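Shown below, as C-alpha cells, is a lone chain in the form predicted alone; questions about how it binds or moves come after it.
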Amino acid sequence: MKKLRIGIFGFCRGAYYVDHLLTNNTSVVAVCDKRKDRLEQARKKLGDTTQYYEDFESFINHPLDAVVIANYFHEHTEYAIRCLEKNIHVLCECISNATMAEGVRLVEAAEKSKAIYMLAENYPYMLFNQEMKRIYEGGSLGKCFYAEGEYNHNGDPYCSTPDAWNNIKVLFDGEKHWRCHLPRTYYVTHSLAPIMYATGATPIRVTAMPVYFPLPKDCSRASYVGEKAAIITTLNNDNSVFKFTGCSTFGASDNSYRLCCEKGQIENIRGTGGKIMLRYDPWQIPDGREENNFYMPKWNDPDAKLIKNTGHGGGDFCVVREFISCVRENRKPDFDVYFATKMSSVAILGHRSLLEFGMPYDLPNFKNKEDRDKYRNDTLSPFYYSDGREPTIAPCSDPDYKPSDRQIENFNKVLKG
C-alpha cells in the first residue's frame, strides 16, 4: 500500500502527530512553521529527507496528499481552504473557524473540493467516552433527553512550579496571543463533541451565561477574559438539551460527561481516571446488569497497545487512524465540515449570548444557502491576527476588563525567562 504524503503546518501542536502518522503507514514529507526553532525541532525528529518551510505558499506547493493544520487556534480556516482548493485532504485542529464568515467559506470550499475535511477533535475517542457511546447505541438506556459535558483545565496563575513556568513560555508569545483573548465559549469542542458523538443530537439553539471571577491582580497571566467558565445550554434537533462548558478553569481539573436517558444514565466519575457509573431504574434493569454498575472500561481494539501510550487518553492516535482510514476508503468522517462548523457556531454565537447574559441565538445549518448567506459577511472576532487585524468584539462579559499592570509585568518576566 502506497504511503500517503503528509505535511504538517504548525510544529507546536503538530509535533504530537508525527509518531501516529508514521505508525499509520504515512510519510511526513514537509513541515511548515514560521519559527526557525520549531523547524529545527522537526528536523531533529524527522531528518533531512523531510522538507522544511517558513512560508505556507512554498509548503503547499510541495507534493502532498494531506495536511495537518495545527497553527494558531483562530487562524486555521484560510489555510484549510487553500488545501481544499488544491484537493489536498485536511485534518484540522480545533476550532474549524473563528468567525461565522469563515465557516461559510470553509463549507463552500469543502463542498467544491475532491478532498476530505476532518476536524481533529480527540476527546470523543477517549476510552470512557467511547464506552458511553457503545452503551447508548446498545439501546438499554433508551433515548437521551439531557446530557452534560465539562472540559475543566485549570492552571497555576502564579507559575510557581517549573512546569507551569515552562508552559507559559511554550504556549504564549505575548499579551496579544490568542490564549490571552480566548472567550470561555470558544474552546468548546472538548466538552461538546463527546456528547454530540455519543447521542447523535445536533444543537439548533444556544444560550450562555458567564461565571465571572477574575484572576488575582498580582498573578503571572495577561488574560483579557475575566470568566472562569461559560455555562452553555443548547436545544437540539431531537428536542434534547445539552449543558456544557467551554474551557473552564474550576479547581481540580478533570473532564466529565453524562447522558440522562429514559431508563437510566451513564457518566464517567470525576477523579477516578475514567471509571464508569452506569445506573438503571430498578424496574428497567437489563439482563446481565445491576441497578448500579461501577467499572473501568477496557479497550476492545486491535491497536489497544498503541492507543494506551498516546496522548489525550488515546484520542490522538484514534483521530489520526480515522483520518487516514477515511482518506484511503474515500468515506466521510464523523467529524466532517458540517459537524465542525456547527460546533464553531455554538462557540461564536454562544459568546454573543454570554455578552448579553443569556440571550438565545438560533444556530445556522450551513448545508442551507439561506443560512450561509445570513452570516457570509459576519467577521466579528475577539482575537488579534498575524496579519495585523485587531479584535472587533469584546472577549469578556465585562467589556472594560483587562489584566492589571502587575499581571502584564509578571507575565512578560516569565516569557523572557
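Numbering starts at 1 and follows the sequence shown. A quick note: this is a predicted structure, and the numbers were derived from the prediction, not measured.
Keep in mind that the form predicted in complex with a small molecule is missing from the display, and what follows is about it.
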How about residue 376: is it within 4.5 Å of the small molecule in the predicted complex, going by heavy atoms?
no
Please check if residue 209 has a heavy atom lying within 4.5 Å of any heavy atom of the small molecule in the predicted complex.
no
Contact label in the predicted complex: residue 275 to the small molecule, heavy atom within 4.5 Å
no
In the predicted complex, does residue 128 come within 4.5 Å of the small molecule, counting heavy atoms only?
no
The small molecule in the predicted complex: within 4.5 Å of a heavy atom of each of 38, 122 and 190?
yes
Tell me, please, which stretch of 69 to 77, 136 to 144, 252 to 260, 337 to 345 lies within 4.5 angstroms of the small molecule in the predicted complex when heavy atoms are compared?
69 to 77
If the cut-off is 4.5 angstroms on heavy atoms, which of these, 308, 177, 86, 332, is the one near the small molecule in the predicted complex?
177
Which one, 371, 54, 362, 356, lies within 4.5 Å of the small molecule in the predicted complex by heavy atoms?
54
